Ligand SMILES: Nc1ncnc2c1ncn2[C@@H]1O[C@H](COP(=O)(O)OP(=O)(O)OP(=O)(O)O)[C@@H](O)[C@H]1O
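Form predicted alone, single chain, as structure tokens, below.
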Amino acid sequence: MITLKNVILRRSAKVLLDGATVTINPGEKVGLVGRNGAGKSTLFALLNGGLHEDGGDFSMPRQWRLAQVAQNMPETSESATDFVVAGDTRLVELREQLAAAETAHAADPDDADAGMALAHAYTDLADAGEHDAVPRAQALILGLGFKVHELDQPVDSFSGGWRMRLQLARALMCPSDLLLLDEPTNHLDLDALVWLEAWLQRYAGTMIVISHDREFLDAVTDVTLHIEHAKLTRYGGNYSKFEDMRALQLEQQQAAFAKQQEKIAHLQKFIDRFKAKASKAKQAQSRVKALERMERVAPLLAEADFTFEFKEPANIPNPMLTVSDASFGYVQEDAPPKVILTHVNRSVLAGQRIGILGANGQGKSTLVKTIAREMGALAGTVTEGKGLNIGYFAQQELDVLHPGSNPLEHMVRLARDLGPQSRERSTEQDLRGFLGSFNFSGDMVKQPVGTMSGGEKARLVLAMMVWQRPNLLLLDEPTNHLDLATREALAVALNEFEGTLMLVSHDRALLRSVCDEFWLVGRGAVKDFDGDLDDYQRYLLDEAKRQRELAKQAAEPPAPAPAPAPAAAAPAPASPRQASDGDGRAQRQRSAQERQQRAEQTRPLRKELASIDARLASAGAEKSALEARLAQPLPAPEIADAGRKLKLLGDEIEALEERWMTLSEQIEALAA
């Protein structure tokens, strides 16, 4: 297990953890939450050995293997598959040992020790999964949204976001006892996010994840660690349960503090009134000592919530825009245009709140960029309503900020570019006050953007959007760098926005909160999606299954044509009745023999299937009982024991289900 006891962690002069004490048991899935800058990444640095504690005691098992996503952008010409396979550090180490053993054996074939070392190297490599390393790596790559034809493409040929997905696949490929994930969903679309959740739910080791996606945390964690005011507090349960327990804890603390303050005021009033009277001096002194001995309840120091709002649009055209028989895509140099969407016929009306769904690479960003005037339509027309004012937040919007300029300079330029109406409300004091409402206060308004965090840059882009008073918001993954508090503020602001909203996001909590209809972008078309996000997740799973079947069919060679039967001597002619009776009897005999043969072949399979059904029922009951037990407060050793048993049961159930599927397919094949 991982233990921290009175740990102190500093970064420069700032104390990020002060007296932190917590235990993480083997197999637990932990969500690490807290405001940006609270110390989450610093705690990760302690866990991965990049930082040592400044005080207290920290320990974790020496034999544990660690995996985490490398933050550097990979620069290599090796294929995507080879790059991810190399994430299996055990496999790489054994391959090197095999190469050394082969060299030693080739130098002296008669050396028995060299021969034995070579045999051991082959055995160890087989045990480490050499035989299925490539399929395992490719399953990870495809699950994270890559296409089959991209498996052998060089890593350098992919954009930055896709290379970070390969880094994630490489970390998942590494056999590990402890998996550290810092914002793993930032570069993922919703389809890849759903796949990642399913993979992490099956992960057997201990996992600690930093994320600002509440639904992701709810799906993959069972413990929450909260960093606040340099303290580390453990809560049993996922993020939603943490919020409930945290709210109750704060409410109780506030009530206890208020009650104690009343008691203190009452004692102090008695002391002040009677301390000068000789007859009451003894009682007054007794109350002074009572005050000194009293253990004070800390006042509630909840951090101030961040809020903002979009200004009322100057006008709202209706319809906002109309797309007529349009084709969307992009122009290529020295090649025909790449068409992604065709025959698009859509109208965007005033007040609509549209969530744009679609698997990776199907054209969501192309649709949004065309509406945002970043790209032109390849065919058809996009007709805008009179006075349309678009506020566009793109994934790459953070890159267009000027790194050397500060927030105040960005706002001054924006106010100047928007014309006289904006300049009327753009004195330096006005702009400072406006930036202050987005938590850019004091010296921060003069801090170069290049030195800011991703979340601070995103807040600046939001501030610049709000200043423009748009009537149509086009948001393409706006939450990638926002913490949970800022995401909540964005959801509130979007719900109060009086214009029209079009949103692309993998943050399901945000989509559920602010969108009341969905468009599905896929297979070259844009159409209404009749369902909610749960329906869409089922659609993604069905679509992934369909793609796997297509890939499987494409990979399988065509079945060879049956060889012609050898010519035989023609039998003597028979009468029609003889032929009919003989053929019928022979056919019935063959059918009976085949049925008997099939029954004999399937009997042991059906017997094993019945045994598996019985075990699955009992294992399911045992699992439910263990889960109910873990929901109760237990001592740490009992939690660890129950957790281990639950893990073993889960593995057994998964293996039984796989065997059940195999047996069912064999029985169906024999019956056919």
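Numbers for residues come from their place in the sequence shown, where the first is 1. Remember, it's a predicted structure, so these values are computed and weren't measured experimentally.
Only in words, not in the display: the form predicted together with the ligand, which the text now covers.
Peer 1: Looking at E197, E228, E183, D124, which is the one with a non-hydrogen atom within 4.5 Å of the ligand in the model of the complex?
Peer 2: Selected option: E183.
Peer 1: Give a yes or no for A372: in the model of the complex, does one of its heavy atoms lie within 4.5 Å of a heavy atom belonging to the ligand?
Peer 2: Answer no; every heavy atom of A372 is more than 4.5 Å from the ligand in the model of the complex.
Peer 1: In the model of the complex, is there a heavy atom of the ligand that lies within 4.5 Å of any heavy atom of M452, even though the partner is absent here?
Peer 2: Judged by the heavy-atom cut-off of 4.5 Å, M452 is in contact with the ligand in the model of the complex.
Peer 1: Does H212 reach the ligand in the model of the complex, with heavy atoms at most 4.5 Å apart?
Peer 2: Answer yes; at least one heavy atom of H212 falls within 4.5 Å of the ligand in the model of the complex.
Peer 1: Does any part of N318 reach within 4.5 Å of the ligand in the model of the complex? Heavy atoms only, please.
Peer 2: Contact check for N318: no, nothing within 4.5 Å of the ligand in the model of the complex.
Peer 1: Specify the contacting stretch among 379 to 387, 461 to 469, 505 to 513, 441 to 449, defined as having any heavy atom within 4.5 Å of the ligand in the model of the complex.
Peer 2: Looking at the other structure, the answer is 441 to 449.
Peer 1: In the model of the complex, which residues of 35 to 50 put a heavy atom within 4.5 Å of the ligand?
Peer 2: If the 4.5 Å heavy-atom criterion is applied to the ligand in the model of the complex, 35 to 50 yields R35, N36, G37, A38, G39, K40, S41, T42.
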